[in-house]
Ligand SMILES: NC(=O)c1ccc[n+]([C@@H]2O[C@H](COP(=O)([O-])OP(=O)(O)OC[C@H]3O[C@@H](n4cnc5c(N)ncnc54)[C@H](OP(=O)(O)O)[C@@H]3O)[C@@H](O)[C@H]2O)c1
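Shown below, as C-alpha cells, is a lone chain in the form predicted alone; questions about how it binds or moves come after it.
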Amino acid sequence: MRRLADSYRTALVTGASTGLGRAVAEMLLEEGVRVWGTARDPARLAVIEGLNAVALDLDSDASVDAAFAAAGRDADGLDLVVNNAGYGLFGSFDELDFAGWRRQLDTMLVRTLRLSHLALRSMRARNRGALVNVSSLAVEFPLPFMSGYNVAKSGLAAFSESMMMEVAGTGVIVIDFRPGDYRTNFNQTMQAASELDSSPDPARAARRLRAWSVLDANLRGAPLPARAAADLRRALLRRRSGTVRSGAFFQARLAPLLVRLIPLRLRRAAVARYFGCS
C-alpha cells in the first residue's frame, strides 16, 4: 500500500499542538514523513512523539521567516507545507475592537500568505511539493458574528484557487482543504459563552447567544479530528491540486450540493433562521 512518505519526505504543519493540526501531524508521522510542527510555545509540542518542534508566532513577520528557514534547513527542503494555524474571534463586527479584528486578518491571512510565498518559492525551485491551505466550509457558509474568520478563510481559499492555476503543469500541487466542524477546543480558545451577554443591548446579546449556542452544539456533536487527517491523506495521495471538503456528511457533502440548487435569497434566510438571527 502506498504511503505518503513515498511522495513527501518532509512536512511543516502550523498550529500542530492541538486540534486538526495535531491530528494531521500525527497522521503524517504514521505515514513515515519527517514532520516539523509549529506552536507559539514549542514546549506544547513535546507530547507528539517524533515531531520536530518549531516556534512560530503568526503575529510577527520575522517569526514566519525564521520558522520557515529553520524547518527548511533542518529538513533539507520541505516537500509539504500545511497552513493550519488560526483562531476564532466571536462578536458583533461594530462592537468588536477594530484593531483586534484587523489583527485576525493579519495573522490568519496575510502572514499565512507570507509563509505560502516562502514555501512556493522553494517548491517551484525544486519543481516538487504540496501546499495545503486549511480554509473552512465557512467559505461557503459564512458564520454569524465571526466576520474576521470568514474573511480570512475566504481570502485563503481564493488565493489557493489562483495558485492552482499558476502551478498547473509543474511538479507542485495546491490543495484548498475546507473542514467543517470538528470536535476540538476551538470554541473554548475563542470565547467563553459566559462572556457573550455583556452587550448593553439585551436584544443583540440574546441574538448573539442564540448563534453561539448553535455553533457550540455543532462542535460538541462533530467528528473527531482524525477524520479530517484521513481525508487530507487521501487527497495528498492523489497528487493533484483541488478543493477538498471534510466533515460530517451533511456539512461536507449534502449542504454544498444544496447551495448549488437553492436560490441565494432562500439560502440566506434558511441560514439566518438556523442560527437564530432572523
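A quick note: this is a predicted structure, and the numbers were derived from the prediction, not measured. Don't overthink the numbering: it's just position in the shown sequence, from 1.
Although it is not shown, the form predicted together with the named molecule is what the next lines describe.
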> Of these, A119, A152, A71, A85, which has a heavy atom no more than 4.5 Å from the named molecule in the model of the complex?
Replying inline: A85
> Heavy atom within 4.5 Å of the named molecule in the model of the complex: which of A252, A211, A39, A67?
Replying inline: A39
>> My question is simply whether F186 lines the interface with the named molecule in the model of the complex - judged by any non-hydrogen atom within 4.5 Å.
In response: yes
> Even though the named molecule is not shown here, does S136 get within 4.5 Å of it in the model of the complex, heavy atoms only?
Replying inline: yes
> Within a 4.5 Å heavy atom cut-off, is L56 in contact with the named molecule in the model of the complex?
Replying inline: yes
> Quick one: does R245 come within 4.5 Å of the named molecule in the model of the complex, counting heavy atoms only?
Replying inline: no
>> Check for me: heavy atom within 4.5 Å of the named molecule in the model of the complex, for each of R44, P179 and Y182, yes or no.
In response: yes
> Counting only heavy atoms and a 4.5 Å cutoff, which of 90-98, 162-170, 201-209, 77-85 contacts the named molecule in the model of the complex?
Replying inline: 77-85
> Even though the chain is shown alone, can you say which residues of 218-251 have a heavy atom within 4.5 Å of the named molecule in the model of the complex?
Replying inline: L219
